[in-house]
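Here's a solo chain for you in structure tokens, the form predicted on its own.
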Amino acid sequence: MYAFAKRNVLMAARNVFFVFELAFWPTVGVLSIGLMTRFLDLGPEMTAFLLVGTMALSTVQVCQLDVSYALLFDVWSKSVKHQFLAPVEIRHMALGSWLVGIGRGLTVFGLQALLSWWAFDFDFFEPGVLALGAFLLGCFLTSAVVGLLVCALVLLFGTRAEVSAWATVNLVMVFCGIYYPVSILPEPVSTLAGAFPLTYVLDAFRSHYGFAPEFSHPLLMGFILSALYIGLAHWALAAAVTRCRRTGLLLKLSE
């Protein structure tokens, strides 16, 4: 775990473009949505609804990228076979990189929260420490699921699946209601939205800003689904590794 965590930290420190993931894009996201709320003359409740969605998108995206990088770094350096020859298991790779992702996600959250407070007078800490902690934990669990699935896709389809590291989160957010309540989605899409744990996490956190919850016990449902999906994503990645070895793709992704 420590080895994977240290590698992600070293790679981030040596690559100036990682700054864009931590500072540039989250800042652009908050400013663009915040300025849009001012242009549309939205009230505090609607402003909170949109900024919470923006915060969730950036936090999940940054954290899941670290989980995805646990494999993508080896794909890009043509050393995938060396990683799976080492006496490590998938949980070591996932947990080590996920912990770094949590650290980067908290950095992004702190930056966006400070910017939202300074520019738009919006306090993310108003719901309290417990509510905020549950919201962030839900985002980080979703990140782990997405990151593991991205790793599985790369092992199944090779470098053609790299784009999923950046596209998957945006697809998930369509169903989770990042900028709108899922109740406005047409059937069966609105029903499908209930299969995503982040839908419940957003619903629970937004209830602290005056929005009636759309689901009963949203946090409980969100964490149950997260635990289920993490188990399934771990199994999918393990199965992808086995298939990758059998088909020879593991060698093709290496030198």
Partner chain sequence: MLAVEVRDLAKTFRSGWFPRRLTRALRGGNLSIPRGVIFGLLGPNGAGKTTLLSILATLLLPDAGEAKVLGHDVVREARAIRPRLNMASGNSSFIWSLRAPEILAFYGRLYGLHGKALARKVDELVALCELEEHRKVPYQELSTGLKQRLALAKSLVNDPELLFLDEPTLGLDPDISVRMRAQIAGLRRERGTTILLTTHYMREAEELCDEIAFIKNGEIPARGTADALKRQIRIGDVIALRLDPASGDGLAELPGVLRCVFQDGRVECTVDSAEKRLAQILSWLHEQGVVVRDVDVHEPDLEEVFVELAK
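Please read these numbers as outputs of a predicted model, since none were measured by experiment. Residue numbers count along the first chain shown, from 1.
The form predicted together with the partner chain exists for this protein as well; it is not shown, and the discussion that follows is about that form.
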### Task
Would you confirm whether the three residues E126, A134 and D203 all fall within 4.5 Å of the partner chain in the predicted complex, going by non-hydrogen atoms?
no
### Task
Please check if V88 has a heavy atom lying within 4.5 Å of any heavy atom of the partner chain in the predicted complex.
yes
### Query
Applying a 4.5 Å heavy atom distance criterion, does V19 contact the partner chain in the predicted complex?
no
### Message
I'd like to know if T159 sits close to the partner chain in the predicted complex, meaning any non-hydrogen atom pair within 4.5 angstroms.
### Response
no
### Message
Test of understanding: in the predicted complex, would T107 fall inside 4.5 Å of the partner chain by heavy atoms?
### Response
no
#### Entry: Segment assignment from 25-33, 188-196, 41-49, 66-74: heavy atom within 4.5 Å of the partner chain in the predicted complex
66-74
